[in-house]
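The chain below stands alone, shown as structure tokens; this is the form predicted on its own.
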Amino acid sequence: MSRNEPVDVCVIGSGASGSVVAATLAAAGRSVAVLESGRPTQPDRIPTARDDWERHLFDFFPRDDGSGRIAYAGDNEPGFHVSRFKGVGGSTMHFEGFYIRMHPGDLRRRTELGIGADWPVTYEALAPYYDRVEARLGVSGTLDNPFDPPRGPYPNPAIAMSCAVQRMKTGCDALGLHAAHAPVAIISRPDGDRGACNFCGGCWSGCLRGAISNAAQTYLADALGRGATLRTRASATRLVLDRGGRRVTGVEYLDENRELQLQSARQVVLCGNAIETPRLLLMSSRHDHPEGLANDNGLVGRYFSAHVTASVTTVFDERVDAHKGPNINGMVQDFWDHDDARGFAGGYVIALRNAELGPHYLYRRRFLGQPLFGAALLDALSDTFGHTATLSAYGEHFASADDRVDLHPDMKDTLGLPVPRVRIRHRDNEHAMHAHMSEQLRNIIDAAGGRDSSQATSSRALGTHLMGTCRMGDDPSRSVVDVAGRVHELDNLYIADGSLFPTSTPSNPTLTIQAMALRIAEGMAALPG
């Protein structure tokens, strides 16, 4: 085994949280090494750099990262599929940048509703970190959402509502709903070598202009500029402990040649995601931690959560061109805060979307398999392209201990490591929420004049919003980490990704992940050097 120069802090993962932790601790004068299992993204891999970009949408996702595939237990939600991006910047390299804050009540579900768990941190404590993350990323928005907690102005003006979103807004207005601009981590005006959004509509597969504030060009660039080291193609395999079993002394990882390396560190921060973080803890078992690290209470991997989601696509008689603009360009929060009258606990947000992509995507979604050829096919595409639009909703999932991530007993990935096995189910509350979501989406579409609308997708978990599995809490018997992100059972191991979420809340998680990561990293920086 080769040994690298010891560092103060080893950060595992270069995505939303790892980049924030690395930048914050490097700025505080700590020596930092970041381990990333993927490669950097090259501009020529971004699909919109090519004329035939629709044919190359999924070329953007690395296929040679050695991570293998995720195994699923037999009773998951129908259609559940985890979307991961193994590369520098993590999943922020293909996110839509919908940056909404949690509301105060979201963090008190146990107290208010008697279900889920309370967060050991309040909205008021998080608000200053929300402010600072939004400022660094140049979040674009405006104060037209009546349901927002009190806050200051956004760093950048809101991106104008697209034609499709304006059309959907007419339906919301007719129903008395409050359609507002969506706050997004996409800059609305140029910033240095980054261009403002040009409405190309390719957000989910990278941003050629650099308008999307992904981790690679924001916090990670800050970290590297302050002396942090980034090791790519470095797949963590085990956390190494001292003889007493209370302190992590380093991280073993396989490099790009599949040779074992050791990165020694005084502190280690896990910033993978709600699947990879518990996977590494479970893979790090030894004689005095037979069930994996931080898992004496059996909670590592438990309470895996992913948002309830529903989508409806419609057709308008006139063109609305929903292939142009940020993927999410408007929102409705009327159903966010809990209301007993709705018949379910928790709430959800409606996203007004512009993610219709191009004619090839339209063909595959609406006409593939139909007996249409030649002029008839061209006529069908001409009559439909630019006329479709989609509404989506994302809501709370109240996980149970049976929703979990563990290690597959037999299946290995291409590196010879156990594949993570995932189980997640929706229950009566989620089904009731999904029915309400679906009804409201169709009401908006009908009021906006849509026709030939698709049926709302069956209740399913959204595989891009991964939360839970290493819950944060004050009680060591009921949680994995404390409010400072430190693992209860170990003195110098921290977790700063979405796995520490006690509940999912209705919010897209990335902004809160980064706000929590900033809070945790600054707490670490304040400790004696």
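Residue numbers here begin at 1 and follow the sequence given. Please read these numbers as outputs of a predicted model, since none were measured by experiment.
The discussion below concerns the form predicted together with a small molecule, not included here.
**Q** Whether residue 481 contacts the small molecule in the predicted bound form should be assessed with a 4.5 Å heavy atom distance threshold; does it?
**A** Heavy-atom contact with the small molecule at 4.5 Å: absent for residue 481.
**Q** Closest heavy atom of residue 101 to the small molecule in the predicted bound form, within 4.5 Å or not?
**A** Residue 101 lies outside the contact set for the small molecule.
**Q** Can you tell me whether residue 95 touches the small molecule? I mean in the predicted bound form, with a 4.5 angstroms heavy atom cut-off.
**A** Yes.
**Q** How about residue 91: is it within 4.5 Å of the small molecule in the predicted bound form, going by heavy atoms?
**A** Yes - in the predicted bound form, heavy atoms of residue 91 and the small molecule come within 4.5 Å of each other.
**Q** Hey, with the small molecule in the predicted bound form, do 133, 138 and 330 all fall inside the 4.5 Å heavy atom range?
**A** Judged in the predicted bound form, none of 133, 138 and 330 sits within 4.5 Å of the small molecule.
**Q** Which residue, 438, 83, 166, 229, is the contact with the small molecule in the predicted bound form, using a 4.5 Å heavy atom cutoff?
**A** Here the answer is residue option 83.
**Q** Between the options 445, 117, 234, 158, which residue brings a heavy atom to within 4.5 Å of the small molecule in the predicted bound form?
**A** Residue within 4.5 Å of the partner: 234.
**Q** Quick check for you: of 49-57, 487-495, 460-468, 473-481, which stretch puts a non-hydrogen atom within 4.5 Å of the small molecule in the predicted bound form?
**A** It is 460-468 that comes within 4.5 Å of the partner.
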